[in-house]
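Just the one chain here, the form predicted alone, laid out as structure tokens.
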Amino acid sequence: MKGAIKSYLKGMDWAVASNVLVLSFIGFFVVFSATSHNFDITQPWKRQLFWFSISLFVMWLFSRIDYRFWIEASYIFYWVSIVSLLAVLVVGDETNGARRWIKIGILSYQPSELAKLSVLLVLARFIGSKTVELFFLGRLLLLMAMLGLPLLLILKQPDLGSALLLVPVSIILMYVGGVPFKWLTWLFVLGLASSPLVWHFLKDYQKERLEVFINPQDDPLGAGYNIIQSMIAIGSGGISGKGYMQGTQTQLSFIPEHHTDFIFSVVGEEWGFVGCVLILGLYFFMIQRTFEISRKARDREGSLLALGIASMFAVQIVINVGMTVGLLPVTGLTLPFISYGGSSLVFSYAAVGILLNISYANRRPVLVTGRG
């Protein structure tokens, strides 16, 4: 038993594990600063501690299970996620005109988080399989149908952020997997042509967010309010910030959703430019290390899965940070490992667990058998 634990700890990719733990540790303090003034017994920072403990167990569990198991079971998880996405449209709790959560007892579950991970698994298996030739148009159309179904259901909730996240990640995997660039160009053109259909699925408040993206001052007290307050908070932080729990925009709750979607503005206001660079540096190191795991993976499916996870985190970080500084429209995506949110944290740690298993497999010696 001790030998197995020692071997497991020795094979652990501590560069990745310690990085996400540090980010979660920082996230706890940021969430605490953003919510402690509410004086509520069910404050988010307390629930975040609970979900963090669950996430640690999930990461350990997924790191101990061979990643090939998840790839082999990818279609099962895919259809489970589809059923969940359908269920949330019927029995999900409605908040601000959107149905994104399913309550199970005292807990809530966000099906789009499972959908993101299951889509990565399906794409890694479908594209990475040696029996699949993506240069046939029929195969590509089947791949697009598999991707399009969860995208449409996520847009129906509506959850524009999660849908936008899956698109570039899928394109990266398809390109690396061998889909001709000219076909991807045609898909891009087709996507632009279908923009009116996507616009039809959006709620009025999401349309307003996109309309005020270019100039938030057109509606400073309405759709542009979040962006304006976020930029004020980050700008007022200066080089070193106002100090922990000293941010006026944060403590006086001028920034809506400052413990979830706009948590980076809390970092900018209280920790300043130095804090923002520190967090972005940690993210950069994690993504760079994940790409290295993908490069060294023993099989094509494992390589694509690691690449997909790295791309998912990278795109989500870019969208969230770009949103808070006014460079991208407000989409509702959280900042991985830092923003408050149980489903996001658990599935992010599940993805990290898979990465750790791929990395562990890379380090194990290859057994070569043969006749002497």
Partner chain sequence: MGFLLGLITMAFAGIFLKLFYLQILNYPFYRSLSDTNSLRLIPQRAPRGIITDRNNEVLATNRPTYSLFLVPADVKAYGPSLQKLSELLEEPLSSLENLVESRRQRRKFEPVRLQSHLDPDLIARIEENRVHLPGVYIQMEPERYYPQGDLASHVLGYIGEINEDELARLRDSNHDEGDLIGKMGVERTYDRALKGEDGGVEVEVDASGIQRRTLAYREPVQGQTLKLSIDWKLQKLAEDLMGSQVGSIVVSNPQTGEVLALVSRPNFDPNEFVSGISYKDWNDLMKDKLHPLEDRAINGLYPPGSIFKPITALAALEDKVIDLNKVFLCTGIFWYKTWPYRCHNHAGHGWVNLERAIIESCDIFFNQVGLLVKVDKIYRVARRFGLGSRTQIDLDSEASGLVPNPRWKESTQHMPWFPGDTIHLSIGQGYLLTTPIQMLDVISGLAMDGKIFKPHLLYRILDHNTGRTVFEDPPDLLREAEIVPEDLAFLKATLEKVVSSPHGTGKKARIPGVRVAGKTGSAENPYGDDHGWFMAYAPAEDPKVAVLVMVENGGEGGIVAAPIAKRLMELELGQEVTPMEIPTPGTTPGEAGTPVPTPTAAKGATP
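Residue numbers count along the first chain shown, from 1. Please read these numbers as outputs of a predicted model, since none were measured by experiment.
Unshown form predicted together with the partner chain; subsequent notes refer to it.
Asker: Within 4.5 Å of the partner chain in the predicted complex: all of 53, 185 and 190, by heavy atom?
Answerer: Checking in the predicted complex: none of 53, 185 and 190 is within 4.5 Å of the partner chain.
Asker: Just checking whether residue 148 would be counted as a contact of the partner chain in the predicted complex - the rule being heavy atoms within 4.5 angstroms.
Answerer: Residue-level check for residue 148: no, no contact with the partner chain.
Asker: Residue-level contact is defined here as any heavy atom of the residue lying within 4.5 Å of the partner chain in the predicted complex; does residue 108 satisfy this criterion?
Answerer: Looking in the predicted complex, residue contacts with the partner chain do not include residue 108, since no heavy atom lies within 4.5 Å.
Asker: Does residue 244 make contact with the partner chain in the predicted complex, using a 4.5 Å heavy atom cut-off?
Answerer: No - in the predicted complex, heavy atoms of residue 244 and the partner chain never come within 4.5 Å of each other.
Asker: State yes or no: in the predicted complex, is some non-hydrogen atom of residue 283 no more than 4.5 angstroms from a non-hydrogen atom of the partner chain?
Answerer: So residue 283 counts as contacting the partner chain.
Asker: Could you check which residue among 87, 167, 80, 231 gets a heavy atom within 4.5 Å of the partner chain in the predicted complex?
Answerer: When the partner chain is considered in the predicted complex, the option within 4.5 Å is 231.
Asker: Please pick, from 144, 176, 73, 152, the one residue with any non-hydrogen atom lying within 4.5 angstroms of the partner chain in the predicted complex.
Answerer: Flagged contact: 176.
Asker: What stretch, of 63-71, 343-351, 23-31, 312-320, brings heavy atoms to within 4.5 Å of the partner chain in the predicted complex?
Answerer: In the other structure, the partner sits against 312-320.
Asker: Within 4.5 Å of the partner chain in the predicted complex, which residues of 262-292 have a heavy atom? Give them in sequence order, or say none.
Answerer: Result: 264, 268, 272, 273, 276, 277, 280, 283, 284, 287, 288, 291.
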